[in-house]
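Here you get one chain, nothing else, as structure tokens; it is the form predicted alone.
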């Protein structure tokens, strides 16, 4: 089996770390070229440090590149609803703090980020590659949008973009919007309009891919470094979701970003995938950041621009996580 060349783009909190861990623990499937941090769950200092902590804890030598500290445009207009005080300790939305915290409960990183910015490294790496590369952005799409605008030729070198973002029926940061797209809706718009081969994994799918506390304890019995990390981070998520956003089942939490990695290992983990046209609202009003998903195909003039995941096979997802802990 040929390895898939991938680049992660992460605003590293607990679910980003698990997404990276699953890929690092499957070296026969993934050739991870780099990890790019971006502002989102926390300010860029925190997301970069958390990415470094994850890579070092797992014994990986994948390079880490610091990305954008602010969204593409959404903080420029004073009339827009205030979002996040970017770049500092409060770089998260209300409720997110109970799930992610500032720094992952892993040792402080001794490895260092690379000198080159994530956006420039993305452009140079894609243009120089003889093979096509899969991008896995699981935070705001700021880095990817900037790279596309600076150098559109990179599109020819991108095999697939597997995005954790958007919401069809299930919002989290507002009644209509998912966190990653709400943070930087202009960037989401640029990427969705790019013509790239996109697989979009929204909250509707990730909320069906939750992990129970009993399953977590079972999969972490191996005591490996991956298992130790999984136990710390997912137990924190279960506690946070219980307090802030209870799931349909008690003592459980979704691991949003990890579903993107799981899909690349076994595409059948998504058991309801549709070819759909998806757009994003960036007007600044009450629907700001909302994803518009024409699942019912009511606008035949709008050709599908992505594959939209609407549901996941939870048992397959949990097995993939468990295998990564061995």
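A quick note: this is a predicted structure, and the numbers were derived from the prediction, not measured. Numbering follows the first chain given and starts at 1.
Omitted from view is the form predicted in complex with ligand RIB, to which the following refers.
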Notebook entry, point to check: Looking in the predicted bound form, is ligand RIB within 4.5 angstroms of a heavy atom from every one of 21, 54 and 231?
Noted result: no
Check: Based on heavy atom distances of at most 4.5 Å to ligand RIB in the predicted bound form, which listed stretch, 121-129, 105-113, 175-183, 209-217, is the contact stretch?
Finding: 175-183
Checklist line | ligand RIB: the contacting residue among 205, 144, 138, 188 in the predicted bound form [heavy atom, 4.5 Å] | finding: 138
Next item on the list: Evaluate residue 41 for contact with ligand RIB in the predicted bound form, applying a 4.5 angstroms cut-off between non-hydrogen atoms, and reply yes or no.
Entry: yes
Check: Which residues, if any, of 254-272 lie within 4.5 Å of ligand RIB in the predicted bound form when only heavy atoms count?
Finding: 256, 257
